[in-house]
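A single chain comes next, written as structure tokens; it is the form predicted alone.
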């Protein structure tokens, strides 16, 4: 991790009516770090975020950006070093998508050609076909697509830091999960520092490099998701994180507690080209195939579909589906681990009593919550160190 980019030194905010919103907030944020501020309503997390771009001025303390007191930088210049994404998005309805994305570069007198090139590049990053979206307008996009454009607008002028205030709060759970994955992937790809405000602990655990848990304007605990789950500082932290998320023995955890609840499923009669397109759009290398009645019939993997396409086969994806072991929601996670270690590493579909797919357990769903439990469960069976390490 690179050196400190943003430093809070005993920062406080007291409003004229005497309300203390933030008190003695001290934190170092490093270049390329994803920091999530979380806590109960009114804990000061949004106030802290807004003090960074001087939408709210601190009453005390200092904020340093690259070692320089941010009050020595003109607010307009400061904000051009920052990207800002909020829940209400705020796209300008009279501007095209390309012009919305590059609004700040235009203010900075970047040429139209360079702006178009930048918009094209960013749309490709989030899987929106530039030729199809560049010249559309916001009212022609879904809510999730508009939120993607809001994120791209924050990236367009290559800011030092991106501030995100409850950006996905208005979206449905499936779209929210997709955008969480997309933003985290983007952050890694472009190495940006992000400060993200949320009230959703699942979101914080999914996205953060470090979590800052606040209460009544003060920091209660700072740590990685792993540290917060393993070593909560006190009863408040435990309660806020939720006891059901705390690390437990694998013998106590059931599949429905860790499975993905919206796995990618396709009908058995879906054509091969459309199956490849589904994999591309959802960024997966396998699909769960279901019959017309919704019952699970197998898994189809990317290489099989590609090979069939190259051979010119005309068939539904169901003809390529391979059988695999499944679990029920109340089965133990330990059983899922055994199945994956015994030759089904890509995951275990979860089905209900009618054989309908209700979830998927993958390696990713187990890391963090059950890393140590996995080691303990299989040490007695003496697996190789290499095999154990890839799961931990």
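Predicted model, so just to flag it, every value in this text is computed and none were measured. Residue numbers count along the first chain shown, from 1.
Separately, the form predicted together with a small molecule exists; it is not shown, and the next lines address it.
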Verify the contact flag for residue 47: yes if a non-hydrogen atom of it lies within 4.5 Å of a non-hydrogen atom of the small molecule in the predicted complex, no if not. yes
- [ ] Decide whether residue 199 counts as a contact residue for the small molecule in the predicted complex under a heavy atom distance cut-off of 4.5 Å.
- [x] yes
Answer for residue 166 alone: is it within 4.5 Å of the small molecule in the predicted complex, judged on heavy atom distances? yes
I'd like to check something about residue 43: if you look in the predicted complex, is any of its heavy atoms closer than or equal to 4.5 Å to a heavy atom of the small molecule?
yes
Exactly one listed stretch (330-338, 63-71, 35-43, 347-355) reaches within 4.5 angstroms of the small molecule in the predicted complex by non-hydrogen atoms, and it is 35-43
